[in-house]
Structure formats: structure tokens, C-alpha cells
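One chain is shown next in C-alpha cells, namely the form predicted alone.
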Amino acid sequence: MAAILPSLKLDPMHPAVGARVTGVDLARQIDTELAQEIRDAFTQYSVLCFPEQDITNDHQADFAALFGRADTADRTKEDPDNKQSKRGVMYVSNIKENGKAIGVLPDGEMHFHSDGAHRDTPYRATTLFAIEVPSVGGETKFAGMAAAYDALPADKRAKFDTLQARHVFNYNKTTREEMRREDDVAHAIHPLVKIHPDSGRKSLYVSRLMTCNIVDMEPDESEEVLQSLFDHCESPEFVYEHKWTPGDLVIWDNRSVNHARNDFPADERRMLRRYTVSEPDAD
């Protein structure tokens, strides 16, 4: 008797970006056909949320590997779940154990950004699994950068297609005001507009937290153009705000989506487990 395949159901979460996926248990092995269905949905929606999951570190690493090379760098010295056999896990958390933080980016608002933009080969995708969440706040906002590009006037699209921008990374910095603009900070230069390798859609590739300047443009003009683009991309018509529930597994496409975090009460616990996905040949 043939096995009965899970029934994958997709419900869009916002007109510009994101879909809720039900009918799949990520703690079970994903066969080739279902994996392709999930990848196709990812290409279409750029952000997927799988609610009510009960998964370990290894399940999450296996899921991440469906989309590329699941990163295996040592990213944390702590393993709150005590279940890790595959490296690469990172915890985004404000929790301390024995006086030491178990994770990174513990609290506060975090401006929009794209993971790995400071690298020559940015992260392809990021997965985040909710373990503990505060009663209010701490939502993650996702901006659909393809929809934001499409909404620009034709003359601006043509101009931006030709530009490049410098992106920087400051560890544990969460606002543009904290950005370091010196040359000795980790940085990379990328086109201001990227073409997605799977969908073929063009997306703006700028973010308030990480885009430092437009290459070969005077500083004042660069900042004026960037601030205008940031405001445009962060308009509600392009942004889905995700309120976390424990058991949510969310994956987003860093090639076409920016994300940000709302502030939350510092006296409430928040812990999410993170695995990133790199291009197969990335360092």
C-alpha cells in the first residue's frame, strides 16, 4: 500500500510576503516530493511559518539543509536544550544562566536588516524556532523587498538597477545610530538591486541597520537616497509582522526579505533558536 503523503496547506499572511504552512510535521523525515513543494512555496512567498512544531536542534538543522548548506560554525557555547549533535545553532535570547548570556541580541528594538549582507556571499536563508516568548512585544517584522522594488516609479527602478551599496556588520548592534562607518568593520559591497536566482524577481537590497552608503555617491546624497528607500521599504503595505507563539518555525529568504524586531519587556524571557543557510560554495 502506498504511503499517504502529508497535505501541505498554504495560507498567505500578507499581500506582499509570507505564508502559513500547515499539514507537515518537521520532526518527521521530509521526502523528496514534499521537500520540493516546500521549496516552491518558499520561492513564491519568501517567508514561511510552520506553527505548532515540536522539533529538536537536529530537526531544525535538517530542515535548514533543504534550502542549501546548513551552517555548522560554532555560534554558541551554550546548549539550553542539551540535544545538539549538529553544530551551527545560535540562540537569540535575553536569558542568562549562571550569570552568562546563553544567546545574542538579548533585548530592545532591532532595525531592519538582511542576515549576512556584510559577507561577500550573504546567507541564503535564516530559520528561527520559538521556544519562549514574552507576553507582549518581540514580534519580528518582515519586509517584502521585491514588492517594494515593483512599487517604485520606472525611472527610479532604472537608476537603482545600476548602483551598488556598502553593507557593514557591528556585532550586537541593533540600530542605525550605532553603525560604525570606519573601514575596519566587516563589510561587503553588493548591487542595490538583486535578481532572485529562482523566481527571477528583482528586489531592493538595502537595510536601515546594515547599508552604510551607496558607492561613488556623495555622502549627503547617499544618506538622503537611503533614508528615502528605508522609509519606502518599511511601509505597512510591504511588511508582515509576526507575533510569535512557542512552536513556530519560521524561515525567510535573505535575498528578498528584510527583517526587524520590536522591543519587549526586559524582565520577560525570550528565546528563539536560529540556524542559517549558506550557498553551497560559501565560506
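What you see is a predicted model; the values in this text were computed from it and never measured. Residue positions are given as counts along the sequence shown, with the first one as 1.
There is another form of this protein, the form predicted together with ligand OGA, and it is not shown here; the text below is about that form.
Of the residues Leu192, Ala125, Met110, Ala117, just one reaches ligand OGA in the predicted bound form with a heavy atom at 4.5 Å or closer; this is Met110.
Here is the short version: of Cys212, Val133, Leu105, Ala147, the single residue with a heavy atom within 4.5 Å of ligand OGA in the predicted bound form is Leu105. At a distance threshold of 4.5 angstroms between non-hydrogen atoms, Trp252 is in contact with ligand OGA in the predicted bound form. The closest heavy atom approach of Leu272 to ligand OGA in the predicted bound form falls within 4.5 Å. Heavy atoms of Val89 never reach within 4.5 Å of ligand OGA in the predicted bound form, leaving it off the interface. Ligand OGA in the predicted bound form comes within 4.5 Å of no heavy atom belonging to Ser203.
Of the candidate stretches 23 to 31, 253 to 261, 214 to 222, 51 to 59, only 253 to 261 has residues with heavy atoms within 4.5 Å of ligand OGA in the predicted bound form. Applying a 4.5 Å heavy atom cutoff to ligand OGA in the predicted bound form picks out no residue from 11 to 46.
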